[in-house]
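Only one chain comes next, encoded as structure tokens, the form predicted on its own.
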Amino acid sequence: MGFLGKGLFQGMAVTARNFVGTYFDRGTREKLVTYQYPEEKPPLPENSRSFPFLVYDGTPDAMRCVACKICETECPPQCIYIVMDRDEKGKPQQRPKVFDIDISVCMQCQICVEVCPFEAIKMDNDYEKSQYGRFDDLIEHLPDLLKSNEYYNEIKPTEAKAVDAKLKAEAEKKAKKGTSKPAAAAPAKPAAPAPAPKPATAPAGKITIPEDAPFTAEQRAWLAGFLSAGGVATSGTGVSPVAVAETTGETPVPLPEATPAAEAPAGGWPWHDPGLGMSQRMDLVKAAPLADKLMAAMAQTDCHACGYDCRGYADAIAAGSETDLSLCLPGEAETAKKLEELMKEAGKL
């Protein structure tokens, strides 16, 4: 049994020992939990998170975001608002013009990070977001959200390193696939005899693809239907470029296989507009070939989440080289259902 106030003096002794120890013992000094905030800030663990930000590589113009709107669609409190950028001709660009996040509504759930297929949006560690205004001041716009990949590596080194390795592997795979495609698409063939001369008066609007063209039978059939439906013909003659080439013996004019779909003139595909609803897009392709209908069923964002642009994905499905109908992430179940319906109607599923 001790004297009165023994516990009090024991507690004070512990306090005094730790206080004096902070001047001499580093281990004791590190036990202190008091920070002189805001001049001194505590280090945050790597897995902490506050609000989202957008990652760019190199310069802010090289942002990873392609405005596919997947994060906007999946956001539970609907605090993300995105508008895709367009050029002077109205053609959609693969970048956002507007990207707003209302941090007064954001619940820091990280779902936007999990659904992004481009590793473009990440959770920040910056928790100092207090503002005097309750409304507009708490909305972060695109310039506020952009932060470099170096910053991302600084705050979350382990996670960022894994993401960089993944993106590098995907880029190498895409480059390898791109370099190996031409060789496979144009195998060496013995020289074919010159085609017999044909009359230069092919029926107007009727386009045929020669048998020796470097395409499969399905590709030739699709190209003939596509060019005929589009009314492609040489100026004032009603004769297709292919028919002219067959007649003159000249090298055939390169067909759409050699020209990326993304380079088509603005307005060439009136349904290629993410602002149109599914029913509106399908109305525009009622009499169009199957590949056009397949393209119209997609989200029209050219986000490349499927590994193609919208035109390329539609062509691959129509040709049978792509069988997965659920790759259009922005279109989600609506697109997958419509693609399946169109393929069944065409007797290909």
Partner chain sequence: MIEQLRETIAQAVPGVTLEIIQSTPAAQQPALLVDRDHAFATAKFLKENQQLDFCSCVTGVDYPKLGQIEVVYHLYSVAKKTGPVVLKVRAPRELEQCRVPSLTPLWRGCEFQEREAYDLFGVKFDGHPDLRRILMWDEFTDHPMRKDYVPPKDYEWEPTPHDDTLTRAVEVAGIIPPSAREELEKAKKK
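So that the term is clear: the rigid core is the largest set of C-alpha atoms that superpose within 1.5 Å between two forms. Positions refer to the first chain, counted from 1. Since the model is a prediction, treat every value here as computed from it, not as a measurement.
Keep in mind that the form predicted together with the partner chain is missing from the display, and what follows is about it.
In the model of the complex, the partner chain stays beyond 4.5 Å of every heavy atom belonging to Arg64. Proximity of Ile80 to the partner chain in the model of the complex falls within the 4.5 Å heavy atom cutoff. Of the heavy atoms in Ile139, some are within 4.5 Å of the partner chain in the model of the complex. Using a 4.5 angstroms limit between non-hydrogen atoms, Glu119 is distant from the partner chain in the model of the complex. Of the residues in 37-51, none comes within 4.5 Å of the partner chain in the model of the complex through any heavy atom. Taking 2 Å as the criterion, Glu46 does not count as shifted between this form and the one not shown: its C-alpha moves by less than this amount when the rigid core is aligned. Remark: with the core as the superposition reference, the CA shift of Asp324 between this form and the one not shown reaches 2 Å or more. Whereas the displayed form keeps them at a certain spacing, the CA atoms of Asp324 and Ala165 lie at least 3 angstroms farther apart in the model of the complex. Between Ser326 and Thr73, the Cα spacing is smaller in the model of the complex than in the shown form, differing by no less than 3 Å.
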